[in-house]
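This document opens with one chain alone, in structure tokens, the form predicted alone.
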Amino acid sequence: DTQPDVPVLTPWLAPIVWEGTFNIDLLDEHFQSQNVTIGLTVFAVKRYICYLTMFLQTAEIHFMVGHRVNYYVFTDQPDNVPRILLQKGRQMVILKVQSYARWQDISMRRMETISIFSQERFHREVNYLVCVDVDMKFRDHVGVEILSSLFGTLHPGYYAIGKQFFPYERNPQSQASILENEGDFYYTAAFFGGSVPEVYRLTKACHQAIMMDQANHIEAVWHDESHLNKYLLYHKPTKVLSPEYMCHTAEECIWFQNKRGLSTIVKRVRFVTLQKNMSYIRTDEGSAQTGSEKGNGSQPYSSS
């Protein structure tokens, strides 16, 4: 069951992963013979810890089944991390991180944290890193077909529209700035990854760019997502995940598919944004926003 009506290669000939473009049995066999371990990083800070149980439970059902997985849970509340029964060969590592008053700062500091741990720890423990948002749930298979040196995920809100409509940072003073005639795709910060060295280079570069902007009193329009898009423009991903790997809630998916004609394109909805009460999640006392909600904010069909 192939995908004849969608692009399956980028202009630089990296595969775009859709249902029907890979043989999971062959890939599973290959990666199991390599004895790989995959690290899944997630940030559950302040009130966002309420999403962690659903995230972990659905990951155990759908994420990298049959492979070794380390869940790296970054949180300011280690005692509140749920104890989930894990499959054989999978473990949870709880890592304490500082919280910040603004959700934007928590979101942007993810890049720094992942880069530090990649250099100090992850390179000894895992072969690949998958970096995702916590306010999500897995709904279908997400396996080794995503793995590559460096991968990004197409933001569903900006799939199949002109790049002039992408919400890139346009301030030329910002390190995240992308010119009007530049750009390949608009990637979500809610799902990216690759080999540990490549993720280290990406997160370190994004963190350094964020710090340079802060020194000049600049904050990119979509924070770390803006810097991620700038990095992936000049460091092309070796694999790109289709919107199957980043969808929104069922109601929004239906709207989106009908509006854009994607019901015939998105065969499987694999990773889904959860409904949120933003007035609760983002209060000063309890907000900790990450990646996908930033993308939602610029979409015409957001319910948040």
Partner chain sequence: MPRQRLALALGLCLLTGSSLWALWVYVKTWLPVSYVPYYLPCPEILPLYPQPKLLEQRPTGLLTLTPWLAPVVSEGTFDPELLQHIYQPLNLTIGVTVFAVGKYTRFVQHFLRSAEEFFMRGLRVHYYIFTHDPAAIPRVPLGHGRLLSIIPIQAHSHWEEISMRRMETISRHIAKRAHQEVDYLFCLDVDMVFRNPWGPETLGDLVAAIHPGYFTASRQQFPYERRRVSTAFVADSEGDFYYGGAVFGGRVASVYEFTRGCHMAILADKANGIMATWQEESHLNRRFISHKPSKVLSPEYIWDDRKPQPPNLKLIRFSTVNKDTSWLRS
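All values reported here derive from a predicted model rather than from experimental measurement. Residue numbers count along the first chain shown, from 1.
As for the form predicted in complex with the partner chain, it is not shown, yet the points below apply to it.
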Checklist entry - Is it the case that Glu112, Gln119 and Pro197 all touch the partner chain in the predicted bound form, with a non-hydrogen atom of each within 4.5 angstroms? => result no
Checklist entry - Any idea which of 266 to 274, 234 to 242, 48 to 56, 35 to 43 reaches within 4.5 Å of the partner chain in the predicted bound form, heavy atoms considered? => result 234 to 242
Item to check | Ile61: touches the partner chain in the predicted bound form, heavy atom cutoff 4.5 angstroms | outcome: no
Checklist entry - Within a 4.5 Å heavy atom cut-off, is Glu145 in contact with the partner chain in the predicted bound form? => result yes
Next on the checklist: Can you list, in sequence order, the residues from 19 to 34 that come within 4.5 Å of the partner chain in the predicted bound form, counting heavy atoms only?
Outcome noted: Thr21, Phe22, Asn23, Asp25, Leu26, Leu27, Glu29
